[in-house]
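What follows is one chain in structure tokens, specifically the form predicted on its own.
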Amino acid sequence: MNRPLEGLLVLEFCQFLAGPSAGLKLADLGARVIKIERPGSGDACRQLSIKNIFVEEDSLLFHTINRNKESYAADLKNPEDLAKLKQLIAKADIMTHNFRPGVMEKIGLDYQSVQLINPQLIYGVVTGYGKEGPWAGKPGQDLLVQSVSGLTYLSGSAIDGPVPFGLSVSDIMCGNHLAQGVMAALIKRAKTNKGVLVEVSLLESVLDVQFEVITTYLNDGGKLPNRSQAKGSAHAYLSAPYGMYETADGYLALAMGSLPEICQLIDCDITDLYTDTHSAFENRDLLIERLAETFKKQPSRLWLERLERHGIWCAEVLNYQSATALNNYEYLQIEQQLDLGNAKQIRTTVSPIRLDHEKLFAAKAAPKLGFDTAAINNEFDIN
């Protein structure tokens, strides 16, 4: 299958997660992505591990976001290496970086300077808090960005204090936005035959993720999100029964559905708490607690069968072990195996995009540091 970005050359001057995750998406869609890495150490993510898991000399985390890429080792402070990189930039379609503001200007690889080398280059920049402004110099790290964005007051209950999201959500969403911006820039370049500057920041991305609730806050007299006092409420702005409930043998989640109908189906009396739809939010905490008492009496399967039979939107709450054992998990082809050589493989996820009914499986695993440098120099006649 021909992939839509085949023939495009991307130079990735990025490390950690946000920028490389954008490169991962471009690579999965067919672009040729060359990581520009520091000799000796490379992308700092090579040594940043989750649960201290390494595959040979590189972290498993590095492998998850750098499949389908090549590695070119170059020292940006070395004039000879910098000259070689400029030869590569002259042939590239896209270039991305996540250096702090001022770094690329100092070495002459900022957008204006690069435009003189390649006027058609699409130039993507990731920052923590914007290229300019009072926070431009602050470290852009996911937990810190979550902390200053308001996101941590949307999860958990009212008695929990701030609860950080259990994923690097600002990094991941910023990578998505960078890939989205780059692909929009490709369309603009096709029309104008000129380069495009694409800029994203972690803070803007994680704020954009919250567009529903921030818009509510801005149009609700400045009232803060009101998390439930009850356990299991999944949304600060939604009424009962929305949330998760403990059962006799696990947990189930309730989404959309008529509260009176649900209560009738599970034999839960709420007549003292519910008079109209407004009551579902005004008495949210008490209603959730009342429902929780009832759901604890029977196993999840019984409740699910009863509710699903009447069209109530609900689901069992699964952990990774049970979720990955589902028939639908296998049917959707969530996993792929990547060959690392030396009879070693890793299992990882696949791009969620299908093109012409086909999944975008990876051709190769993440590269070893500098593995492709000599071949790239030879291919592009760089000396």
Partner chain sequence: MRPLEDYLVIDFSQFLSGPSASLRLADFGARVIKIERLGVGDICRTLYTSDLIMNGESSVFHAINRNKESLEVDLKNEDDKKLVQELLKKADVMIHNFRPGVMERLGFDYNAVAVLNPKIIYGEISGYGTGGDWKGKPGQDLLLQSVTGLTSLTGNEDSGPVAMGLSVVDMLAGAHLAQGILACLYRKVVKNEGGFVQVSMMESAYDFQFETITTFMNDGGCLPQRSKKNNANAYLGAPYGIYQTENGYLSLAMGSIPVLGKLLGCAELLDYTDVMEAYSKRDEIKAILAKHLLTGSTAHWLSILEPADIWCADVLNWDTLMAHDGFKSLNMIQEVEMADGYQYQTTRCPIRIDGELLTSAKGSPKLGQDNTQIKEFINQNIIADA
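Numbering follows the first chain given and starts at 1. All values derive from a computational prediction rather than experimental measurement.
Below, we refer to the form predicted in complex with its partner chain, which is not included among the displayed structures.
Though the partner is left out of this view, residue 56 does not reach within 4.5 Å of its partner chain in the predicted bound form, counting heavy atoms only. Its partner chain is not drawn, but in the predicted bound form it has a heavy atom within 4.5 Å of residue 308. Heavy atoms of residue 335 reach within 4.5 Å of its partner chain in the predicted bound form, making it an interface residue. Interface residue remark: residue 101 is not counted as part of the site for its partner chain in the predicted bound form, having no heavy atom within 4.5 Å. Between 73-81, 102-110, 127-135, 288-296, the stretch whose residues reach within 4.5 angstroms of its partner chain in the predicted bound form through a non-hydrogen atom is 127-135. Along 144-159, these residues reach a heavy atom to within 4.5 Å of its partner chain in the predicted bound form: 144, 147, 148, 149, 150, 151, 152, 153, 154, 155, 156.
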